[in-house]
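Coming up are structure 1 and structure 2: the same protein chain in two forms, each one given alone as structure tokens.
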Structure 1
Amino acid sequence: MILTFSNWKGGTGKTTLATVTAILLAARKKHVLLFDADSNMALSGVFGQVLKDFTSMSFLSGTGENFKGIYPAMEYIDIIPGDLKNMLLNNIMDRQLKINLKRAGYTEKYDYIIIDPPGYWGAHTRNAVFAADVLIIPGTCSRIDLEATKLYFRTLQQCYIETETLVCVNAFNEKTNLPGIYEEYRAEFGEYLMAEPIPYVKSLKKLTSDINYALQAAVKNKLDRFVDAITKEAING
């Protein structure tokens, strides 16, 4: 199953949620492939896999066959790292990633492939969206995140993107959120809004320094329920 975390606004929690989902699936002994499609290499940085010889750019430039850029990230998790030069590869077809993942055999080899595209609309994001079985659009309770998320969601709907889509409120904090924004998310997205928001979790900010913080924070905050909802799979399922 291919999961894509995408919003065309930056800083909404794509990389954080991709990481949390991967480590919780790994804790369930699921084999996960992370695909870092962002030139900021944030996801690769979480797992100490930056500036590698083979990257998501190499993968998209080729056919997917005999690819050498699978790096072990932690037990049960491999990663195809990001590339500073990703932006230069803007002329790829929108379905190249989906095709290459299949041709490489990764859709068979891994239980889950998790894609982390950049926070804007471009070739990599289109590839990430078109490859997805489930598209998760995170947004925080700020006015600009809500408006960006609405625009993104509506634009995808207008293009009849058939991918199953879920909007997820991230970094939810009743005390500090702009009043009324969460209710606006509910009114706007209805059945597409995930039932539970992801709380603001201070220790998730330490993702890059120690992955164990993320795992502990995810377990403590019961983020397993989020993983259940996006994978439609109960714990130990």
Structure 2
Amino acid sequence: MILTFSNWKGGTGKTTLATVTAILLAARKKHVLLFDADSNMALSGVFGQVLKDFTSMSFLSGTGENFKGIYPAMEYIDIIPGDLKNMLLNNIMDRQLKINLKRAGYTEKYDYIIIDPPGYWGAHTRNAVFAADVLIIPGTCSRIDLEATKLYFRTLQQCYIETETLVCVNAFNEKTNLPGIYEEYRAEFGEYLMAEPIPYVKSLKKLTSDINYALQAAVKNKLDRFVDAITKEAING
């Protein structure tokens, strides 16, 4: 299964959620491949895999076959790192990533492939969206994030994206949220909005700076339910 975390606005928490999802799936002994399509290389930085010889740029610009850029990130997790020059690679088909992942055999080798694209609507983001089995669009409880998420969602609809799409309210805090903003998310996205928001907890940021950081049980339980929802793990066994 290919999971893409995407919004064309930065700061919505897509890299954090991609990290959390990968670590929780690895804890279930699922084999995960991370694909960092962002020139900011945030996901690569989390796992200490930056400025490598082989990157997501070289994967996309090739055929995918005999690729040498698979780096071990932690037990059960491998990564194809990001590249500072990714923004320069624009002459690629929107489905090149999906084609190359299949050609390389990664869709069969790994239980899950998690893609973290840039926070803008460019070639890498389109590739990440078209490759996905499930597209997760995170947004925080701010007016800017809501409007950006609405615009992104409508753009995807205009592109006739058939991928299963889920909108996730991230960094939810009843005390500090903009009043009424969560209700606006529910009114706007209806059945596409995930049932539970991701709470604002400082430990999630600690996890992105230390992948071995132990989450509190209550936080982990809520995040496990998030992973269940996006992967259908709880339903399918």
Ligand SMILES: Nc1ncnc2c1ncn2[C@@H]1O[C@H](COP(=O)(O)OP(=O)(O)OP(=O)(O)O)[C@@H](O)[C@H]1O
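Here, a residue number simply tells you its place in the sequence of structure 1, counted from 1. Under this definition, the rigid core comprises the largest set of C-alpha atoms superposing within 1.5 Å between the forms. The structure presented is a predicted model; accordingly, all values stated were derived computationally and were not measured.
Original post:
Given the two isolated forms of this chain, which one is the form predicted in complex with this ligand?
Top reply: Pick structure 1; the other is not the form predicted in complex with this ligand.
Original post:
Is it true that A218 shifts between structures 1 and 2 by 2 Å or more at the Cα, once the core is aligned?
Top reply: It does, since the A218 C-alpha is displaced 2 Å or more between structures 1 and 2 after the core fit.
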